[in-house]
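The chain below stands alone and is given in C-alpha cells; this is the form predicted alone.
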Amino acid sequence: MASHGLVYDGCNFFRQRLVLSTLSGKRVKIKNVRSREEDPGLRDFEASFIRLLDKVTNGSRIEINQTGTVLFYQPGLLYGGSVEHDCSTQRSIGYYLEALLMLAPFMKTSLKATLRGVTNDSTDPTVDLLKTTALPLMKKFGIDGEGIDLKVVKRGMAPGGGGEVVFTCPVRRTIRPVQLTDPGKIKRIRGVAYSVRVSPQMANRIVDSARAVLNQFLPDIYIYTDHMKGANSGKSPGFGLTLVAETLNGSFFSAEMSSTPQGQGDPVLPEDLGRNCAKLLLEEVHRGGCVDSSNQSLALLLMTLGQQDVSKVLLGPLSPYTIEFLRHIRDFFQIMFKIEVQKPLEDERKGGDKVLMTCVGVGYSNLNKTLK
C-alpha cells in the first residue's frame, strides 16, 4: 500500500481517480479491472484517456500488466501546451473534455487541445453542453479572460465520429472562493438543434416540438439550428438538441438528447426527441441548486483547490457520481465538506432536498509546495 500510494479495486470512476491523482501528486494503483469478464482489462477509450494524460503531463510513469487488469500510475508535472489527440470513438469527446476542464487551470503553460472523435452521443456530456454550462461556471471561480474557449470545428456523431473541437484555457495560479447560495429565477432558455448527414428540416422539427413544451412557461426562448455539411459533418448521420436555462443570478441548468447511432436500437423521431429533451430540462430546473447535476463535481473540485477561504455552493440532490467524487477528494486531499440538507418548504413545489456544500480550500499553490 505504501509503495503504490492509494489502491482501488475495479474500473468504476476510472477518470476521477487518475485526475485527482494528477492534481494531488499521489500515486495510484487500480487492480482487478474487469478481471471476471470474458474480455478482461482496460477498454480502448480508457487506454486513449491514459495516452491523453501522458500528453498533458511531463514525466508520468504508467505501468499496465499484460492482461490490462492492473494499472499503476505515478503522475508527473502538469505541463499543458499544444496537444492533439484522436479520441476513441467508443466514447464521445465530452468524456475526455470533462477531465481536461478539471486539469487545465493548474497546468504550467496555457493549454490548447485539439480533440478528434465523436462530438455528440447519448452517453457523455456533449461539447455544446460543456461550452454553455461548464465554461461559465469556471469563470465564476476566476478562470476567465479571452483565453478560455471551446470551439466546434467539425461535428461528428456516433458511431463513426469524424468531429473535431479545439479547447483553450489559460493558467490560473489561484482560484477565487465563491458564495453561490441563491440560484434565482429562470430568465431565458437558449439551445442548439444540430443535424449532420440528414435533412436540415430535422433540426427545425426538433425546435418546433421543444418550443411547444417550453413556451407554456417562458417567452424568452431561442433555439439555434446548426446543420453542418460536407467535410465538417463527420462520418455518421444523426441529430440532437442541447438546451440551457439561465437564471437571473447567472446559474445554468442544462439537458440534452441525441438520436440513436446508425444501426443501433430503434430510430427516434425529431418531434419525440425535442419534446423529451424539453421535459428533461424542466426536470433539471425542478432539482434546483446553483449548479446543474452534470457539473457538480467540477464545482466541488474548484472549491477544494481554491484559496484558503470559505466557499459555499447550493446544489440540488447529489448524483451518485458526485457522491463518489466527494469520497475521492477525501482520499487524495484529506478535505471534507460540511453538508447541510435544506428541506423544501411545504408551499414550495420544488424537487427534492437541496444540499449546501461548504469547505475551506486547500490552495493549489500551497499543495505544490508540500509536494516538493
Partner chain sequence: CSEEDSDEEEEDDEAAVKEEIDSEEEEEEEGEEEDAGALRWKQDLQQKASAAFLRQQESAPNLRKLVYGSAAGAGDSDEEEGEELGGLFRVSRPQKSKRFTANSVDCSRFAADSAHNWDLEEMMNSIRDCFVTGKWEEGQDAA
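Numbering follows the first chain given and starts at 1. In this text the structure is predicted, and so the values were computed from the model without any measurement.
Below, we turn to the form predicted in complex with its partner chain, even though it does not appear here.
Asker: Could you work out which of Gly161, Gly80, Pro125, Pro75 is the residue within 4.5 angstroms of its partner chain in the model of the complex, going by heavy atoms?
Answerer: Contact residue from the list: Pro125.
Asker: Just one of Thr225, Ser293, Thr114, Thr132 has a heavy atom within 4.5 Å of its partner chain in the model of the complex. Which one?
Answerer: Contact check passes for Ser293.
Asker: Within a 4.5 Å heavy atom cut-off, is Phe337 in contact with its partner chain in the model of the complex?
Answerer: Taking the distances in the model of the complex, the answer for Phe337 is yes, it comes within 4.5 Å of its partner chain.
Asker: Wondering, does Leu318 line up within 4.5 Å of its partner chain in the model of the complex on heavy atoms?
Answerer: Yes, Leu318 is a contact residue.
Asker: Given that its partner chain is not shown alongside this chain, does Lys139 nevertheless sit within 4.5 Å of it in the model of the complex, heavy atom to heavy atom?
Answerer: No, Lys139 stays farther than 4.5 Å from its partner chain in the model of the complex.
Asker: Would you classify Ala47 as touching its partner chain in the model of the complex, given a 4.5 Å non-hydrogen atom cut-off?
Answerer: Although its partner chain is absent here, Ala47 would stay clear of it in the model of the complex, with no heavy atoms inside 4.5 Å.
Asker: In the model of the complex, does each of Phe13, Phe217 and Arg330 have a heavy atom within 4.5 Å of its partner chain?
Answerer: Yes, because Phe13, Phe217 and Arg330 each have a heavy atom that approaches its partner chain to within 4.5 Å in the model of the complex.
Asker: Thinking of its partner chain in the model of the complex, which stretch from 150-158, 278-286, 106-114, 169-177 has heavy atoms inside 4.5 Å of it?
Answerer: Going by heavy atoms within 4.5 Å, the stretch is 278-286.
Asker: Even though the chain is shown alone, can you say which residues of 82-112 have a heavy atom within 4.5 Å of its partner chain in the model of the complex?
Answerer: Contacting residues: Arg91, Tyr95, Glu98.
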